[in-house]
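Quick heads-up: it's one chain on its own, the form predicted alone, in structure tokens.
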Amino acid sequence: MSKIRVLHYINQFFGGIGGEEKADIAPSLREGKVGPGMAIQGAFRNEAEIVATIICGDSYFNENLEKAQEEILQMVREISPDLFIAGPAFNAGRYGVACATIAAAVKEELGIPAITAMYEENPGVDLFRKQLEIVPTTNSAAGMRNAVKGLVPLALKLARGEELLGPEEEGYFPKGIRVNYFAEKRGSERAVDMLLKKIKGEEFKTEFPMPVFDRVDPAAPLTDLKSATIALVTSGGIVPKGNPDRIEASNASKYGAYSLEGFVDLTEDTHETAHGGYDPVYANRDADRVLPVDVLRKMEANGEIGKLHEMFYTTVGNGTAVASAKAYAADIGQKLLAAGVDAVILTST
């Protein structure tokens, strides 16, 4: 029996080309296995073979989404594999979104079985879990061995066209699909059993897990707005003209801190947005539409607020990993507290 032909997608880092300084490289096709493909090939044994590897920079893919997708799909057409594997991406946000986006496109547009793997907080999971089998990994490449161990059996099953069992049995993120089946006990009995276990403090498993949301207690209201220092923070990507810190248009790996000293108004000559995923024309014409410096300067001049904080903090919310966003928020929060800021206006796109 012939081996399953596999096409593998990885980013510039795992392709051995470079780090962030090479994140803008266009897709390229290499013969055989590269980087993590070595481990995947080892796990395949004699059942499958990685015939080629596509390498693409994370920034290139996310900032040129349609173009990059079509370039890669053309490469997939040329190779015509039996199976497409992307990643694993672990907790790399831009990489995860790229892996899931292109795997979903290969599956839906070309009809080729496709799969990827990443950490549960990678934005690629929430964006594509309903369209794609995504295998859980740890948050870093230190978990590569276990990632491959979970990825390969499921990938082979997809390539063979075998029926998949549920996410628990097969080891992929739940896709929100509920299936009818005949249980040994009727629902009322199972519910009472679970309730009794819960009352006794015993371990039990719900048949309908509920989503878990962060709940943040609101801060106390300001007592004196006229003496308060107000800061501006945005996930709308407003940056000085030219984006000096190269904040990415999607899956931002950093935030920026910039001075407002001397600015009473933001203009297209001084500021722009780095944010992808929405039409930037109006934000670029007048960044005050996203970061209302002009209004707050008027309020400051009229004595309605004490003062506008001298710095503003900015990042891009488009596809940015939850873990990254939390880290930025904690860091920015500490800086604002140290500066004696009383309140923050947080804006988006």
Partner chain sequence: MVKEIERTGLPVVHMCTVVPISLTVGANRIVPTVAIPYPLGNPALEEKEEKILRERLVRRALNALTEPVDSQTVFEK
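Numbering follows the first chain given and starts at 1. Because the structure is a prediction, the values reported are computed rather than measured. Take the two forms, find the largest set of C-alpha atoms that superpose within 1.5 Å, and that set is the rigid core.
The next section is about a form of this same protein that is not shown, the form predicted in complex with the partner chain.
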| query | finding |
| --- | --- |
| All of A26, L110 and Q131 within 4.5 Å of the partner chain in the predicted bound form, heavy atom check | no |
| 4.5 angstroms heavy atom contact with the partner chain in the predicted bound form for S235 | yes |
| Partner contact for A104 in the predicted bound form: the partner chain, 4.5 angstroms, heavy atom | no |
| Interface membership of A52, the partner chain in the predicted bound form, 4.5 Å heavy atom rule | no |
| Partner proximity in the predicted bound form: K33 to the partner chain, non-hydrogen atom cutoff 4.5 Å | no |
| The partner chain: the contacting residue among E168, D269, E202, D214 in the predicted bound form [heavy atom, 4.5 Å] | D214 |
| Heavy atom within 4.5 Å of the partner chain in the predicted bound form - the one residue of D126, E189, D245, E78 that qualifies | D126 |
| Answer range among 139 to 147, 112 to 120, 177 to 185, 93 to 101 for contact with the partner chain, defined in the predicted bound form as heavy atoms within 4.5 Å | 93 to 101 |
| Sequence-ordered residues of 145 to 183 touching the partner chain in the predicted bound form, heavy atom within 4.5 Å | none |
| Threshold 2 Å Cα movement between this form and the one not shown at Y119, rigid core reference | no |
| Post core alignment: T234 C-alpha displaced by 2 Å or more between this form and the one not shown | yes |
| Per-residue C-alpha change between this form and the one not shown, S80, threshold 2 Å, rigid core fit | no |
| Change in CA distance between G236 and F90 in the predicted bound form, which is 3 Å or more, as closer or farther | closer |
| Direction of Cα pair change G93-G277 in the predicted bound form, magnitude 3 angstroms or more | closer |
